[in-house]
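Here's a solo chain for you in structure tokens, the form predicted alone.
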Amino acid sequence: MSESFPGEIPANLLQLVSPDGERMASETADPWLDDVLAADLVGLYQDMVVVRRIDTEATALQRQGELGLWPPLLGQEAAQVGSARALRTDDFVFTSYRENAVAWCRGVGLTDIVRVWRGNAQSGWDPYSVGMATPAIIIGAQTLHATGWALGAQHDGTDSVAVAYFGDGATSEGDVSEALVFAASFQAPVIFFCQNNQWAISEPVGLQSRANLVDRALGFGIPGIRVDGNDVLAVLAATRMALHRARTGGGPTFIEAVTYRMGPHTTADDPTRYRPAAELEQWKAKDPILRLERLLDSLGLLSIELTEQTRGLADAAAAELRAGCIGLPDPEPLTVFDHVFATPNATLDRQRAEYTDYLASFDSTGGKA
């Protein structure tokens, strides 16, 4: 354990706000939240409400045929917002496909979030402008990318930190184990942020691992924190702990955020075929937004004005997302060749010419000439 921590990392689940909205004291975590004021609590609440509305709108767009696919984040708002809001602009994020709340917090444009899912682009945004790589679809691959970036930051002598987001299912992938080995060996400034949402598509986490996922990290010599992923304050504190460790030479940290995927794996999935309805109801009672609402209410902060303002922000974001999605122009067919290779070559040139001739064989109505 790094000596830079003010106290020990909790061995059990770190929770600061109960499902009933009760704020619980923690000698370990509370020092990391001394600067969190009422306005910050409101900001976290509005972030979560907005990203849930964005997620709902994107799901509707897919159902209406405007997106090819969408990976909902319903229920995981606190895990993503709490961790992302702990980061600095010079940190760098590597995610899988579900971290759209992280993208929101990093400043990714709403239209850019859906470009790939509409099939209009090979990549959604410029990673360097927001400090966040575009999503990795290959499960677990981003952990290697994050570790490599962290090694580069370490070589450059900066105190910037890389964060890799992945799900419980990814811990069964070899790439994740390899990333943990490299990070531990070189004490890379990287955080492995695992959102344990209980299901790897249709496989429950209990089938994948007979122990808590965070315990796996200890086998690599990496300390871990197991946190209530539906508690935005606990996630914020845990991430700040891990960031401090990384910035001060303490090396990597593995965070297991215990949360729940309340919707389908993607819009191509039907969770009712494998998930008990009673389980979903149990987790609805732990809803991250409802929990923070109850805390705000107990502090006298949940006014009608705040509720209406937040709803307005969420509706405006949804409207912007919908308009931006539908307004995306269809890509020109020949642009499919633009970024296949870094430099032109004869094989690609021949394929481009053949496809050009093929396109020219159609008349203006789309029929064969």
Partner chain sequence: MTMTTMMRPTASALLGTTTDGGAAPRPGESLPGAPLRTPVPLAAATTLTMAKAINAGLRQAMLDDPKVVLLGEDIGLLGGVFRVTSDLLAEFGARRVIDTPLAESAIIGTAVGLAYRGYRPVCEIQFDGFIFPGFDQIVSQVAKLHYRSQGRVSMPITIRVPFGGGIGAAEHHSESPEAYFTHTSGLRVIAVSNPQDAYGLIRQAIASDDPVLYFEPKRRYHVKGEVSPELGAPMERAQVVAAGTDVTLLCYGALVTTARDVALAASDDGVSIEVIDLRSLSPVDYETIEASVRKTGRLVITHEAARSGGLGGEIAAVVTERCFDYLEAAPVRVTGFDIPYPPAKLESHHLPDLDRILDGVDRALGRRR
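Residue numbers count along the first chain shown, from 1. Being a predicted model, the structure only gives us computed values, none of them experimental. Rigid core here is just the name for the largest C-alpha set that superposes within 1.5 Å across the two forms.
Unshown form predicted in complex with its partner chain; subsequent notes refer to it.
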message: At 4.5 Å between heavy atoms, is G300 in contact with its partner chain in the predicted bound form?
response: no
- prompt: Do G169 and its partner chain share at least one heavy atom pair within 4.5 Å in the predicted bound form?
  reply: yes
message: I'd like to know if D330 sits close to its partner chain in the predicted bound form, meaning any non-hydrogen atom pair within 4.5 angstroms.
response: yes
message: Under a 4.5 Å heavy atom criterion, is E279 part of the interface with its partner chain in the predicted bound form?
response: no
field: Interface segment, criterion being heavy atoms within 4.5 Å of its partner chain in the predicted bound form, picked from 154 to 162, 217 to 225, 77 to 85, 267 to 275
entry: 267 to 275
- prompt: Check V336, V340 and Q351: does every one of them have a heavy atom within 4.5 Å of its partner chain in the predicted bound form?
  reply: yes
message: Under a 4.5 angstroms heavy atom criterion, identify the one residue in I139, L144, C105, L296 near its partner chain in the predicted bound form.
response: I139
task: Please pick, from A121, V181, I289, M262, the one residue with any non-hydrogen atom lying within 4.5 angstroms of its partner chain in the predicted bound form.
output: A121
Residues within 4.5 Å of its partner chain in the predicted bound form, restricted to 202 to 233 and counted by heavy atom: S202, E203, L207, Q208
CA of A25, rigid core aligned, shift of 2 Å or more between the shown form and the other one: no
